[in-house]
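A single chain comes next, written as structure tokens; it is the form predicted alone.
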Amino acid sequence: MDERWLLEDQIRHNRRATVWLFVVVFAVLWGLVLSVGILLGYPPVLTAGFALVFGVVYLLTASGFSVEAILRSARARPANPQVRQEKLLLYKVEELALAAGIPVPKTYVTPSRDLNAFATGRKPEEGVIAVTQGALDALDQEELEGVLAHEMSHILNQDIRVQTYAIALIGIIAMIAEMVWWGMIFGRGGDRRGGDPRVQLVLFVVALAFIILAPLLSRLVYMAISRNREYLADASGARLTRNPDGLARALTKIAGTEPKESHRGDRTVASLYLANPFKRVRKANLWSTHPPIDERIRRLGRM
């Protein structure tokens, strides 16, 4: 079967999965707010409707701020064309963007000694690629090209849009759940008078369980889709460079290291990186934002 057809089919599959991601996460948000209404004694329908409107407004505004927050968290700065190493980086990003047929992303460098990189932005026209100083120092030109092509593929496949909005949405779910949880601990837990006490107790227990599980459920759904997108970006990047060995060698080097310093930032953004910036993943894990590096290398070797 033609390799290009397989990639295009996988892209279509991921787009369908993206729709389900937002359906599920929005459903979790709706259920969470409904639970809040039950626990606090407010009209649940009105509360849920207000929260959905609030969630849409939040996504429209927070997505722009989240890009800047990610760059600040990583201490990223624009690549300096006066520095030879970073000048070559800028040339390579421009070359790959032309090959991919997308606007040239803004290029940043972070001071981290970890071997890593990430892409972010709300859309391809606002794409950003950031590379760690550790990657610039440790990777040769073919390996660095493979890493950049992987991140370029995230922009080309519009993964960055999904990641930015999903992070913002999951963030607000976690925030609401945490606020309600602490409110119940230090507050009076709402007015649940009236009606059958047994029904009220069941509703209370179900609502409490949902508030505890909602952040976990939304994050699990996102992580599952995130892992598939990493495989697709590996394959798309290899097709872009026509050299899967470059990215495979880079991943081999990354697999042989653990993050050399504490990563600054929320663990929600770990999925943006080429490899988990907190801990390398070598075996399949339900909570992993990335597929096992060994499996990624194996798949690249078959291309």
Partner chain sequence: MAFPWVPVLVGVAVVILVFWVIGLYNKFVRLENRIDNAWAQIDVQLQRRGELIPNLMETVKGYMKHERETLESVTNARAALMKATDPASKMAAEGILEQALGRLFAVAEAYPDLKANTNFLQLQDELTHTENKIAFTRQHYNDSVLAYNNAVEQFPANLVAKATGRQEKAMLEVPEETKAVPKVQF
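Residue numbers count along the first chain shown, from 1. If you're wondering where the values come from, they're calculated on a predicted model, not measured in any experiment.
Only in words, not in the display: the form predicted in complex with its partner chain, which the text now covers.
- Residues within 4.5 angstroms of its partner chain in the predicted complex, judged by any non-hydrogen atom, belong to 90 to 98 and to none of the other stretches in 67 to 75, 90 to 98, 119 to 127, 106 to 114.
- Of the candidates V36, L251, V28, L240, L240 is the one whose heavy atoms come within 4.5 Å of its partner chain in the predicted complex; the others do not.
- For E86, no non-hydrogen atom is located within 4.5 Å of its partner chain in the predicted complex, even though that partner is not displayed.
- When its partner chain is considered in the predicted complex, E230 lies well away from it, no heavy atom lying within 4.5 Å.
- When its partner chain is considered in the predicted complex, E143 lies well away from it, no heavy atom lying within 4.5 Å.
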